[in-house]
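Presented below, as structure tokens, is a lone chain in the form predicted on its own.
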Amino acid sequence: MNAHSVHAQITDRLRNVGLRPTRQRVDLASLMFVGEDHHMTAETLHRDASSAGVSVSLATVYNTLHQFTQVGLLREIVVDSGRSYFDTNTSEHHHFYFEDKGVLEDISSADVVLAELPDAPAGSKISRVDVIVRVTEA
């Protein structure tokens, strides 16, 4: 797939979710959505953007990640109070979190069986269940 067709697909994808396809959004989306699904932090995406010659501030990266999450292009995975990952795979699934490496790995939703969930509090509903299995090297 050539760069022009990737650019056109990303532009269409952004417009389809109501986002204006600015140069910075298209450049960042090109890094996120081309190839396999993956997990990234704002810092790793900023580093990848710099390596690819994309001039963008860390604040813009954060804003873009949150905008993409709000419209359903990404899924935010909070592993602790100061660390969030953004997942390009928005399907229902869970994660291993390798604490020693700071890496997430997908777990199929079929591989996690929850016997029972509590009822949601009055006036609310359960929108999603995220399971993070924390692992360390043995």
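Please read all numbers here as calculations on a predicted model, not as lab measurements. Counting begins at 1, following the sequence as shown.
If you look for the form predicted together with another copy of the chain, you will not find it shown, but the lines that follow are about it.
Looking at Pro121, you'd find a heavy atom of it within 4.5 angstroms of another copy of the chain in the predicted complex. In the predicted complex, another copy of the chain stays beyond 4.5 Å of every heavy atom belonging to His38. Another copy of the chain in the predicted complex is approached by Ser127, whose closest heavy atom lies within 4.5 angstroms of it. Contact annotation: Val26 falls outside 4.5 Å of another copy of the chain in the predicted complex, judged by heavy atom distances.
Look at 27-35, 42-50, 55-63, 108-116: in the predicted complex, residues with non-hydrogen atoms within 4.5 angstroms of another copy of the chain sit in 108-116. Residues from 68-92 that approach another copy of the chain in the predicted complex with a non-hydrogen atom closer than or equal to 4.5 Å are Glu76, Val78, Val79, Asp80, Ser81, Gly82, Arg83, Ser84, in the order they occur in the chain.
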